[in-house]
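A lone chain, given as C-alpha cells: the form predicted on its own.
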Amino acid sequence: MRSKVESALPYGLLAPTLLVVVLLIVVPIFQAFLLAFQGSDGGFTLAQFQKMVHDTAFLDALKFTFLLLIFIVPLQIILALAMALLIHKRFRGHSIFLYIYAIPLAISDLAAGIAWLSIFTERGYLNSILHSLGIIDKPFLFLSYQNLPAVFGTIVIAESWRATAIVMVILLAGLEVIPRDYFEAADVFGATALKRTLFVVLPLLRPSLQNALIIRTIFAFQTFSVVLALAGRVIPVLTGEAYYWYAANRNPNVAAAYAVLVMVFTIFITIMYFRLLKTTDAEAGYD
C-alpha cells in the first residue's frame, strides 16, 4: 500500500500544475483555433485569415512586431549577460545589484509603460531635466506620430528595461551551474575578460541561452501593453491588433486569427532556436 502511495505522489504533486496549464493554456489555444477557422455557419473557413491579411494595419503590425523582435531580443541578451557576469563575480555588495536589477520584475507591463510615458512625454521628466540643464530650448517630441523612429526607440528602451531582468535571472542560474574551475583555468592561461566570455562562458552557457532566447522571443511577440501606453496605434503590433479586433471591432474570430498567427511564428522561431543552439545531454549537464 505504501509503495502505491509513493508511486502516485509525483502525479499528485504535478496534478495542480497540469490542471492550471490545461485550463489557462491548452483550452484557450483550442478555443482560439475554433474561432479562427470557424465560419458563421459553424463550418471550416479561411475567411478570418483573409480579413486579417486585408486589414489596413496588418502589414505595419507584422513589420513592427518583427522590428521589435530584432532590436529587443539581442539587446536584452547582451545586457542580461553583462549583468549576470557582474553579479557572478561575487564582489562585496553584489547582491544589491541583483535586487536592483530585479525591480522591474515586480512591475506589470502596463504600469511600466505608464512610468516610461511620464518620462518621455512632452512635459515629462526627461525633457524637464534636459531643459533645466540648458541642453534643449524646447521639448523634444519623443512620442510624436511624425517621428516614428523616436517613438520606436522609446518602446525599445522601455521594453528592454522591463524584461531584461527575466533573461538575467536565467543566465545567472546557468552561470552558477558552471564549475568555477573553468574560469580559474582561463585566468591561469592569461585569457582576457572578453576571450573568457567568448570561448569559455558562451559555449558552456548555451543551454541557458537557448532557454532565455525562447522565453524572451515568446514575450517579444506578445509585446502590447508598453506599446499601447507609449504609442497607441501609431505603432501597431500583432497582439495589439488582436486586442482591437476583439474589444473595439467586436470580432473574436479575426482576433483569434491574429492569435493563431502569433503562435505559428512563435513555434517556428522556437524550432529554429533548437536547431541553431542544439545541445547534447552532456553539454546540458556540463559533464
Partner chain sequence: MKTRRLSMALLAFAMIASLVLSACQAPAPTPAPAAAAKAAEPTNAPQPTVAPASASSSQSLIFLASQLGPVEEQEKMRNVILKDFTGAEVDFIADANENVILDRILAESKTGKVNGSVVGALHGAFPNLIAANALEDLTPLLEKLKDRPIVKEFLTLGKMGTDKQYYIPWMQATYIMVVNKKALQYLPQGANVDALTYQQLGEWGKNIATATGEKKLGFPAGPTGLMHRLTQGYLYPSYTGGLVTTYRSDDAVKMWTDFKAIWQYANPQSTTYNNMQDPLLSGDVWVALDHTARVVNAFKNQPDDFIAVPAPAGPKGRYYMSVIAGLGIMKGAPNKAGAEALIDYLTQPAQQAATVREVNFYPILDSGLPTDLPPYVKTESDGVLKQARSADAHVALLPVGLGKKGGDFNKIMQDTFTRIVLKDEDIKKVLDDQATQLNALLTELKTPCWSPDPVSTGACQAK
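Residue numbers count along the first chain shown, from 1. Nothing here was measured: the structure is a model prediction, and the numbers come from that model.
Below: the form predicted in complex with the partner chain, not depicted.
I'd like to check something about residue 150: if you look in the predicted complex, is any of its heavy atoms closer than or equal to 4.5 Å to a heavy atom of the partner chain? Result no; residue 150 lies far from the partner chain in the predicted complex.
State yes or no: in the predicted complex, is some non-hydrogen atom of residue 69 no more than 4.5 angstroms from a non-hydrogen atom of the partner chain? Although the partner chain is absent here, residue 69 would stay clear of it in the predicted complex, with no heavy atoms inside 4.5 Å.
Decide whether residue 244 counts as a contact residue for the partner chain in the predicted complex under a heavy atom distance cut-off of 4.5 Å. Looking in the predicted complex, residue contacts with the partner chain include residue 244, since a heavy atom lies within 4.5 Å.
In the predicted complex, does residue 45 come within 4.5 Å of the partner chain, counting heavy atoms only? No.
Heavy atom within 4.5 Å of the partner chain in the predicted complex: which residues of 97-131 qualify? Result: 121, 122, 123.
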